[in-house]
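Two forms, one protein chain; structure tokens for each follow separately as structure 1 and structure 2.
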Structure 1
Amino acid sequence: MKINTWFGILETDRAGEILESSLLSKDIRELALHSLSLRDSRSNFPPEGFDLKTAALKSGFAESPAEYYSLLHEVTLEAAKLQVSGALTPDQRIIQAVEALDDINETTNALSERLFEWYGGYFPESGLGGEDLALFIAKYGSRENVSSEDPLYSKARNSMGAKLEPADEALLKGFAENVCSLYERRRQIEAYIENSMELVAPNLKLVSGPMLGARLISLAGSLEKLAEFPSSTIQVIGASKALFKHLRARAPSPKHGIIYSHPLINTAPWWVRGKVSRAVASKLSLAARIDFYSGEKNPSLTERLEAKVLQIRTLNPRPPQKRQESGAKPKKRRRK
């Protein structure tokens, strides 16, 4: 009988006596990698009650029990280190980037709103907001510094806002530069996510777009878990509150979760969005499985999806008519 152990391969008879052994070297890293491969393969494990320590001593791998346990301790630690270093897979890096993007969006929106409120007292007629306002403040500071070529020159000269003191101007310009750097950092993270999705999940990116595909992976936890989800789960992923409300209070079941941002869904008429969502979720599930198990790009996925959505919209050109009630409902009797 062939038995795989962490220190080598053993051939034993029915009584458990070792007939032949193929031992590994005592290199800790090699033994750790071999142990991890055994855990993944799960083949020819030692039978119940088999004494590995005695087998290691009889085969000549270890000269004493102390040496055996010392090697086992070092190999276990090295295997744990290898597992930690390999935990940050490419799809996990995409998840971290998505979460970082959400944090940057939240921070940027809050700081941009504060900058708008702060600078609005000095130049309320600017009509700018967000990144445009931050760039304007970082460039000019006070409205008195606006050049004559700028479209806001006349408004700046005739503004009813308060005068901006030099100390406040320096503070506002520094604040605006920080906001501009956050917008630039957001674009860099978006570009990183788009490039990573092309390498990790090209079919999912093709069907859903880079940002929606990355958010699906983030909500699922990994590309492997997303590939294991049925299409019905992918359809409502991100709509947990509406789903629990449906299960508890008999509210209408949600037709879509975050996949609503897909252009084929949010541009569809309201009466076919449920059917379109099911079609899109089905193709997303198929794309995730192809990416995880084969990784080969299949451009026909989008063509078949668009044809399916066109068929749904063609077969349902008008909203459904409400059913007419045949008669008045009987009045409920009041309980005494």
Structure 2
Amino acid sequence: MKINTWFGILETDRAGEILESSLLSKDIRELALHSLSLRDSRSNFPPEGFDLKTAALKSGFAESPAEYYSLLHEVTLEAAKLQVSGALTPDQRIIQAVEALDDINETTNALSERLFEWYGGYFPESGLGGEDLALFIAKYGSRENVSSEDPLYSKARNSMGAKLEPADEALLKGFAENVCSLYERRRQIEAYIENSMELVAPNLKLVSGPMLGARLISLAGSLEKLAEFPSSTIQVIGASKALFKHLRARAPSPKHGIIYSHPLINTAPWWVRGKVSRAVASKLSLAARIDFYSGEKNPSLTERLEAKVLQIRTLNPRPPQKRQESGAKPKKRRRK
């Protein structure tokens, strides 16, 4: 009987005695690669209860238990390291980028808000906000420096705002520059996601748009997982709270999760949104599968989706009539 082990191939008789052994050298990297190659082998497993350590000592691979464990430790560590470094696939990079984008959005909004409040004391009439305000402050600092060509020149002259002291001006200018660079970084990440999506999941990008597609991958955990999800799961990804409320108690089922941001869904009238969501989710799921398993671009998906949505909307032109409620309905009871 042949047995594959991490240190070599053994030939044993029925009683488990080793007849022959072909051992590997004690090179850690070689052993680790060998060990990884055995992960998917479908035959020659050690039988139940087979004592690898004793076999290694008997076959002469290791001289003592201490040496056996020390080698095993090095090999498993090396193999795990190889696997971990191989695990950073392009879709994982997209996930990191999406999460970084969310973090940047959050901080940018908070800091912009702060800048608006802070600078408002010195030039409340500017009417600027967000990135425009940050750019304005980074450029001029105090409203006294606004050039005469600037459309805000007269407003800046006649502002009721307080005078900006040099120390405060330096602080605000630096602050505004940071906010500007955050906006810049945001555009950079968005461009990165768009490019990566084209390479990793072109069909998904076509059907969902780059950001929604990237978010779906991020919430699913990987493109592989997204491709394995049924489309009903894709339909409610991002609505887990509502979904579990529905499953546990008698809450209505969620019609859409994060795919709500898809233009076909959020522009649909409310009474067909559930139907449209289901159609969109089914095509998203097809797109993810094509991307993961074949990778060929298939532009017919969007056409078919649009035709389907048009069909749904022509079949349901008006909102459904609400049924007259007859008498007092019994109070809903929670299922426990």
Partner chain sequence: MPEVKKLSDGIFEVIKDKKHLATKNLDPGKNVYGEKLIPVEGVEYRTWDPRRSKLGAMVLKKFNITLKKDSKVLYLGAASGTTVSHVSDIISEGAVYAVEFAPRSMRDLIGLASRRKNIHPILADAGKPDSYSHLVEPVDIIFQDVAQPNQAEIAARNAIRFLKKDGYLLLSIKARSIDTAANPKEVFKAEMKKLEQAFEPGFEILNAKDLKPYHEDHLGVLAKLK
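Counting starts at 1 and follows the sequence of structure 1. What we label the rigid core is the largest C-alpha set whose atoms superpose within 1.5 Å from one form to the other. Small disclaimer: the values here were computed from a predicted structure and weren't measured.
Undergrad: So which is it, 1 or 2, that shows the form predicted together with its partner chain?
TA: Only structure 2 fits here, because that chain is the form predicted together with its partner chain.
Undergrad: Spell out whether the Cα of Tyr293 moves at least 2 Å between the two structures when the two forms are superposed on their rigid core.
TA: Stays below the 2 Å threshold, so no.
Undergrad: With a threshold of 2 Å on the C-alpha, tell me if Tyr69 counts as moved between the two structures once the core is superposed.
TA: For Tyr69, whose C-alpha is compared between the two structures after core superposition, the shift is 2 Å or more.
Undergrad: After the core is matched up, is the C-alpha of Trp271 off by 2 Å or more between the two structures?
TA: No; Trp271 is a residue whose C-alpha shifts by less than 2 Å between the two structures when the cores are overlaid.
Undergrad: Could you tell me the distance the CA of Phe7 travels between the two structures after a rigid core superposition, in angstrom?
TA: Core-aligned C-alpha shift comes out at 7.7 Å.
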